[in-house]
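The data below hold one chain only, encoded as structure tokens and taken in the form predicted alone.
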């Protein structure tokens, strides 16, 4: 069978790939987007649905080294690094440790905030023309029951204030009056009023449908299993649905990026960070707005008829197993802080791998090895909230336009 000629081939139909395909199509390129399954059924399905520029922070942070060592020894901790003799993990952890400095932390926040702010505006516009996205701008609450947790929330408030994102500290009584779903053990928190949330799966489907209506092509169940290259270019992409001859390949493959990259001779430092989410029925005191429980690193999102609770980060290598202890930790933590007494009756339990780079900043740029390969992957827990901004930056670089933000922190060659 002869290969089909295509202009741009986007590999990956999650929120990142969908937004890149949408942006390039809007810029006039002919785009084919393919997915190994169905669009939006990976991390784009089960995440908390937050669009929160106040959380535009990389995973490695100053002063995190000794805390992360403690987490490593506790399988029930919010961040767990599964011990392994894999050289890739050792390399990843080395870069992760080196990124725990204030200068790099602040530089990363600056560019991640630019992507996130753009994304928030994009989603608000999308919600005005697309139906059933579940988009609501109700802000975000960070709550804590400890002095250390309150200090962390206040520090985040001050850091993000420098990026133009305002937050407001609340003492216990004000917090309980503002959000009756909280239990009295909370001692304080911070409210960011401009943040939003949406139904992530619906968002992917809505944008994918808009992409197709604009003349883009979507092909599901097209798994890439081989490539042909010549003279420093990808000449053919071989999939379970046929062969394609692209002018440009965009890899938006999330936690699958290392596996696909190896077929192209690339060593991509993207590690899967396993997270969990589930839906629980709420009693009378259903949360009115998204909540982050600081000590437990548990995200709580109100939905129509239920509440989604999500959390934990297990740095693993393509391990999709379910750890009951971690599921219970999310359920118990949510029940401890909120009037959610039915967490053990959770439904739609999901787990998935968030693609994490060592410095917490995505890889966005052309490959240094194959001149028609562009990478847009490694968005850690910020996929939904940074996808439109990442797509805009990617299109800017591909089309040689003035970039949305400084592209240097995203360069593929930095590891």
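Note that the structure is predicted; figures quoted are calculated from it, not measured. Positions refer to the first chain, counted from 1.
Keep in mind that the form predicted in complex with a small molecule is missing from the display, and what follows is about it.
A.B. asks: Just one stretch in 359-367, 379-387, 56-64, 22-30 has heavy atoms within 4.5 Å of the small molecule in the predicted bound form, so which one is it?
C.D. replies: Stretch 379-387 is the one.
A.B. asks: Indicate whether the small molecule has at least one heavy atom within 4.5 Å of a heavy atom of residue 132 in the predicted bound form.
C.D. replies: No, residue 132 sits far enough from the small molecule in the predicted bound form that none of its heavy atoms falls within 4.5 Å.
A.B. asks: Under a 4.5 Å heavy atom criterion, is residue 310 part of the interface with the small molecule in the predicted bound form?
C.D. replies: Output for residue 310 is yes: heavy atoms within 4.5 Å of the small molecule.
A.B. asks: Looking at the partner-bound form in the predicted bound form, is residue 118 within 4.5 Å of the small molecule by any heavy atom?
C.D. replies: Looking in the predicted bound form, residue contacts with the small molecule do not include residue 118, since no heavy atom lies within 4.5 Å.
A.B. asks: Taking the small molecule as it sits in the predicted bound form, is residue 201 in contact with it (heavy atom to heavy atom, 4.5 Å or less)?
C.D. replies: Answer no; every heavy atom of residue 201 is more than 4.5 Å from the small molecule in the predicted bound form.
A.B. asks: Should the three residues 163, 397 and 410 be counted as contacting the small molecule in the predicted bound form, with contact defined as a heavy atom within 4.5 Å for each?
C.D. replies: Spot residues vs the small molecule: no contact at all.
A.B. asks: Pick from 252, 112, 271, 143: which has a non-hydrogen atom within 4.5 Å of the small molecule in the predicted bound form?
C.D. replies: Residue within 4.5 Å of the partner: 252.
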